[in-house]
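Take a look at this single chain, the form predicted alone, given in structure tokens.
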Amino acid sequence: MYGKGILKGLGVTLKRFADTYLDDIKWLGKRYYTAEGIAHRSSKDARGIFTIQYPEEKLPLPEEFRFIPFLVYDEGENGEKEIRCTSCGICAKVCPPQCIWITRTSDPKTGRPVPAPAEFYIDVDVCMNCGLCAEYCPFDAIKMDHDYELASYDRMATNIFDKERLMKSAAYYAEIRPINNTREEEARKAKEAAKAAKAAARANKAA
């Protein structure tokens, strides 16, 4: 029979259309704009139309999701920002598209370099989000962000991030990557304990 395939296809569309409303009735209005509704529509048990109503709804991001890099700073006792970056330049060297530019701070009296960046720029339109800068950074000073909503009309005005725009707190990093942060903090504490033990051993030997 001619047109049988077309009728089958229309039947699939009609079934999905009906399932959407049946699922809506089953969930009593809680299928949209709730965390449970988003999780249900993302699962294999979803029926009917299960797209996310972006931007009102957003899928939860996995911890390893990576987008534009950011610079991590620790908060001092008086609330000052203590940036971890030492402007060593490793991130700029390993960056495949070469979208990172760093200017090291110099002591105004001696002219010697200071381990802190005077300027730090990332062209987010060139960045390929590979994460090599974060992987190679020896000071855990640069990490990959979860913020992907960066659309703009003027890339030269908004999409070349400077140091101030790139800086985010260690607390923010712990919030978006709790597992990685816990692992890094444990490794950092173990390293400090080993260093303290080594210093104590040298002191005892000298005594």
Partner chain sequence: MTTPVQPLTLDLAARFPDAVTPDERKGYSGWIVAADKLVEFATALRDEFGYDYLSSVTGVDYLPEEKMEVVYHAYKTTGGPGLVFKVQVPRDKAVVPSLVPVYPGAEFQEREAWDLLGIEFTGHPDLRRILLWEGFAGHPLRKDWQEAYYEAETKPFKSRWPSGEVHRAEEKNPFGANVKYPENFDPEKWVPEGENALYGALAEYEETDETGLKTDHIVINLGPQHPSTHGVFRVAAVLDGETIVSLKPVMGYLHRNHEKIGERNTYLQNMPFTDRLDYLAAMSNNFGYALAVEKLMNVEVPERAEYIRVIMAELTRIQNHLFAIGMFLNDLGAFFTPSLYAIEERELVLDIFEAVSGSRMMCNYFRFGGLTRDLPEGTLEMIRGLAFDRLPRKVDEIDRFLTENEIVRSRCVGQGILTTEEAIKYSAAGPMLRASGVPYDIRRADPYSIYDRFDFDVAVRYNGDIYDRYLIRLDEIRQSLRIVQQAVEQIPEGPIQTGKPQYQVRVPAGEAYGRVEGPKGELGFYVVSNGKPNPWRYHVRAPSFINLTAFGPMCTGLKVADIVAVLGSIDIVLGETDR
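Numbering follows the first chain given and starts at 1. We call the rigid core the largest set of C-alpha positions that still match within 1.5 Å between the two forms. Keep in mind the model is a prediction, meaning the values are calculated, not measured.
Omitted here: the form predicted in complex with the partner chain. The next part is about that form.
Considering only heavy atoms, tell me if V114 and the partner chain come within 4.5 Å of each other in the predicted bound form. V114 lies outside the contact set for the partner chain.
With the cut-off set at 4.5 Å between non-hydrogen atoms, does C95 touch the partner chain in the predicted bound form? Residue-level check for C95: yes, a contact with the partner chain.
Given that the partner is absent here, does K4 sit within 4.5 Å of the partner chain in the predicted bound form, heavy atoms only? Output for K4 is yes: heavy atoms within 4.5 Å of the partner chain.
Is K8 near the partner chain? Define near as a heavy atom within 4.5 Å, in the predicted bound form. Yes, contact at 4.5 Å.
The partner chain: the contacting residue among Y32, W27, F65, F139 in the predicted bound form [heavy atom, 4.5 Å]: None of the other options qualify; the answer is F65.
Within 10 to 37, which residues have a heavy atom closer than or equal to 4.5 Å from the partner chain in the predicted bound form? The stretch touches the partner through V12, T13, K15, R16.
C-alpha of D19: shift of 2 angstroms or more between the shown form and the other one, rigid core aligned? Shift of 2 Å or more: yes.
Superposing on the rigid core, do we see a C-alpha displacement of 2 Å or more at R47 between the shown form and the other one? The answer is yes; the displacement is at least 2 Å.
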